[in-house]
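Take a look at this single chain, the form predicted on its own, given in structure tokens.
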């Protein structure tokens, strides 16, 4: 009887709160299938490149990090179901690397429900507001800047370049509306309003026709368009705008998945002989992975080449050609670097109840991008910088001059 009780105690201790005998278990729900699968796959790949490296080096205090991953296809209901499974069945230590506003916003009430179990979501791939403000901000820690910051920067730069008539193309859901709100707020600073808007439904494919949206916006004669969507639909919109002979500047926010979008446009350009990347601008929330002077970039490229990680095959329903490097996977890599630092600070016995205090104590942490990361009791976002890129010679590069001054 004594040995049975001892064994039960052993199981309870090691298999609660994501701390197994040999593993620290974290959980993610993301899009590994469907038109937006490139986002979930690349974010996962970037994180796993660093996690595999840490595991190979001996893990965290002798324990390896195990990522439990489930596909939600970028849809809210599966994301809710996956979260419940991760918390109640897998008993993960924390949630990590979720992808998208429509999924994250629906998961937030669950985090509040689990507040007595100290369940936190770390570094979701979304810049939306709901998890950055009460009542849910206390349950989420962000690394990336917000969509408000991205859209404000895009508007500011367009207006300074003389392009004041700004329209918006957006995904008709919580993500798109978050970006729409950011554009509206930014224009209001200058006494301006959105001159036109067109939408599309989440899950749209590149093969779909976006000519109607192009015509809706062309009629209002905007100086620039800000797109808030995923790569398949945004690339389709750009393709149809350029095929119509309309070269108006089009900007996308970071969530779009720059390389996936660019690859679609370049492939179509080879077939048609048209340059679909003219006046294309993307805002980013991490530095360029071409800036090899940055320690984190050098490490990222080395580990991505060494491990070339992929999600478990059962998560993906079709062939996917991974990107060697991308802004999305670099963000995932930085997410993992910060996560590992947090786990190290938790010591030999990680407990959910201690996570919040430990993260909020992080101040001026160097993660290798020449910008320190800080958190606090009222600061659950680590970075604020926005980077702006355009396409040159088939690559996204930093912008040196905004289109408009020649206008």
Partner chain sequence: MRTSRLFKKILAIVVLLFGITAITTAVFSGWNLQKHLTEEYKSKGTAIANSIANSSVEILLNRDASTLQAVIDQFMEIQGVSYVYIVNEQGEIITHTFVPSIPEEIFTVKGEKDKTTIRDLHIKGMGDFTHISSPILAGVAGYVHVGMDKGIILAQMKSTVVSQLYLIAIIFLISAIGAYLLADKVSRPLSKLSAYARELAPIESAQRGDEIAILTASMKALMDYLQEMAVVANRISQGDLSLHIEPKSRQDILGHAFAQMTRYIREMAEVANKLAGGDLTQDVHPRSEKDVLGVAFRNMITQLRALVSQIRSQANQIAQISVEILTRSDEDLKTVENVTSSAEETSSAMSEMGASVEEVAGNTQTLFMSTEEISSSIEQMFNSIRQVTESSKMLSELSEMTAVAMNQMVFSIETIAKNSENSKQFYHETTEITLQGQTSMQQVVRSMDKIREAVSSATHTIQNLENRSQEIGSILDVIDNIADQTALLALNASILAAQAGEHGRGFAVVADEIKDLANRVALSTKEITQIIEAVQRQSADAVKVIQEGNKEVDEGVKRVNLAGQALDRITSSAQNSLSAATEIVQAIQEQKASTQKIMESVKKVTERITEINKATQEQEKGSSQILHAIGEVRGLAEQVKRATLEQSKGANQVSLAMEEVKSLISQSSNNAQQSAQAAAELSTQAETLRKLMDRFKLTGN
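All values derive from a computational prediction rather than experimental measurement. Residue numbers count along the first chain shown, from 1.
Below, we turn to the form predicted in complex with the partner chain, even though it does not appear here.
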{"item": "Listed range touching the partner chain, judged in the predicted bound form by heavy atoms within 4.5 Å, from 206-214, 293-301, 314-322, 269-277", "value": "206-214"}
{"item": "Three-residue site 68, 85 and 123 fully in contact with the partner chain in the predicted bound form at 4.5 Å by heavy atom", "value": "no"}
{"item": "Residue 285, heavy atom within 4.5 angstroms of the partner chain in the predicted bound form", "value": "no"}
{"item": "Exercise: residue 133 in contact with the partner chain in the predicted bound form, heavy atom 4.5 Å", "value": "yes"}
{"item": "Contact label in the predicted bound form: residue 218 to the partner chain, heavy atom within 4.5 Å", "value": "no"}
{"item": "Contact label in the predicted bound form: residue 201 to the partner chain, heavy atom within 4.5 Å", "value": "yes"}
{"item": "Residue (of 90, 223, 197, 137) lying close to the partner chain in the predicted bound form, criterion heavy atoms within 4.5 Å", "value": "197"}
{"item": "The unique member of 111, 241, 174, 145 whose heavy atoms fall within 4.5 Å of the partner chain in the predicted bound form", "value": "174"}
{"item": "Contacts with the partner chain in the predicted bound form - residues in 291-324 whose heavy atoms fall within 4.5 Å", "value": "none"}
